[in-house]
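Next up: a single chain in structure tokens, the form predicted on its own.
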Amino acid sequence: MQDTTFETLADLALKQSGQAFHPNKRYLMEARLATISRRESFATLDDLAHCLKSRPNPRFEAEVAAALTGKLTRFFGDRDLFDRIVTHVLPERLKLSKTGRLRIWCAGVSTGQEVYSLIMRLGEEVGSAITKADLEIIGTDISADCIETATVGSYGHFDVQKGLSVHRLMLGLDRNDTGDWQVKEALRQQATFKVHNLLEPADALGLFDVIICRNVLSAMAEPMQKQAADNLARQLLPGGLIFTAPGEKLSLGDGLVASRTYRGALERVSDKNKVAAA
């Protein structure tokens, strides 16, 4: 890969998704763009970069930028997090809700395993007050391909082996004719997936009690990280929480403070202009 190719792709990633690529991460670029390169019959990434510069195409640029983002996800990637949200956070938010409605946003959700893990975990709370809540779960990602996979809910055998017990696999997914596993329709109907760039305002998504955004912001350059965190903060209800991955060091968005109750969570400070629940 030529230096000019790296600069072209790194600049595209930075502008469109906030991703910060260092020169020693060229191998990531090659790995993440391999599928697009093969599909478009580019012999090298130099050819791909030349196409981007010589034949500007916003749709193709957006697809390349989305492909350059990380896709680190798995079923039940953080079991403790899901347990805390289901057994403590949501019941506490439900007490504050005047309507019985709770909204959860999984941001940067990749191919959807995180959303379905949460839905499966919620289904295990038999007899809990949370089962009577009016729950809305939305998953978003910058990649249209990832959102399509998440919506269909179909995963290969290797994917389901990462994080899913045999019990949860058999309860939550069906084996299809191709040998892949598909999330049961009843579970798929409990989630909505949409394409969304975290660098853009998310007003259209509405306000949320809980936002889960793991292993996404920390890959961004600091100014873009702050911009994305601000956008997330604006969609939190007062007292609402953002959960990130353990060890992620982030620029706090406007109106966010470290939660005193939940380690590693960010809390939305009170705002008299917003109600206490959805």
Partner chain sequence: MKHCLIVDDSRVVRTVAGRIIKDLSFEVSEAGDGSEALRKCRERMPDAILLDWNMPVMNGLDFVRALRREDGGQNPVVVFCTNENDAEHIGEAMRSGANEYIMKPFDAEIVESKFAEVGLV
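Positions refer to the first chain, counted from 1. Quantities reported herein were computed from a predicted structural model and do not represent experimental measurements.
A second form of this protein, the form predicted together with the partner chain, is not displayed here; the remarks below concern that form.
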Subject >> Contact at Arg79, Gln161 and Leu169 by the partner chain in the model of the complex, all three, heavy atom at most 4.5 Å >> reply: yes
Original post:
How about Trp181: is it within 4.5 Å of the partner chain in the model of the complex, going by heavy atoms?
Top reply: yes
Subject >> Interface membership of Ser165, the partner chain in the model of the complex, 4.5 Å heavy atom rule >> reply: yes
Subject >> Residue contact check: Lys194 to the partner chain in the model of the complex, 4.5 Å heavy atom >> reply: no
Subject >> 4.5 Å heavy atom contact, His157 to the partner chain in the model of the complex >> reply: yes
Original post:
Counting only non-hydrogen atoms, which stretch in 196 to 204, 83 to 91, 121 to 129, 169 to 177 is within 4.5 Å of the partner chain in the model of the complex?
Top reply: 169 to 177
